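Taking the form predicted on its own, here's one chain by itself in structure tokens.
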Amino acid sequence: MGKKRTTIVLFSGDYDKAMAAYIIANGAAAYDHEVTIFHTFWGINALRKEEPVEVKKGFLEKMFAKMMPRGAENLGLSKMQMLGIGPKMIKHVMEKHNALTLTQLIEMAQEQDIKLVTCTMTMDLLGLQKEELLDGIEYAGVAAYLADAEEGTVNLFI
């Protein structure tokens, strides 16, 4: 039997759900699994660069870009958003307990050679371009994810 594989579809753009995906991914990599995180729809926002990037876009693409959070630390919570106070509270508690931030978990994933894949169809739908996303990630469609998942020991949808 070959190396165990874990695949995760990160559909959610919620900070806490993205953190869970990256904690599981990093844990699986530490257990010597080959890991893929396939970012689609709102999950792609975790991979957006925080600083604005000048790219040519149409009107609708510009509107999507303005409405979506830019970068991992700007994602909202799935519960207890409380007009933006919730994320500040959870980040304060995390800092108090020396927990890694989502940005740090993403960096750790890259260091562990976790395959971070962005759905190209979703990029097209939301008007996102490669220049707007973090360096070192891969771009593929659902067929590539399914090929990884077919060999997966663990397959999760978050």
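Being a predicted model, the structure only gives us computed values, none of them experimental. When you see a residue number, it is the position in the sequence shown, counting from 1.
Keep in mind the form predicted in complex with a further copy of the same chain is missing from the figure; the text below concerns it.
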{"query": "Candidate from Leu133, Leu102, Met68, Met108 lying within 4.5 Å of a further copy of the same chain in the predicted complex - any heavy atom", "finding": "Met68"}
{"query": "In the predicted complex, Ile90 touching a further copy of the same chain (heavy atom, 4.5 Å)", "finding": "yes"}
{"query": "Partner contact for Glu34 in the predicted complex: a further copy of the same chain, 4.5 angstroms, heavy atom", "finding": "no"}
{"query": "Heavy atom of Lys96 within 4.5 Å of a further copy of the same chain in the predicted complex", "finding": "yes"}
{"query": "Ala149, heavy atom within 4.5 angstroms of a further copy of the same chain in the predicted complex", "finding": "yes"}
{"query": "Heavy atom contacts to a further copy of the same chain in the predicted complex at 4.5 Å, residues of 24 to 38 in sequence order", "finding": "Ile24, Gly27, Ala28, Tyr31, His33"}
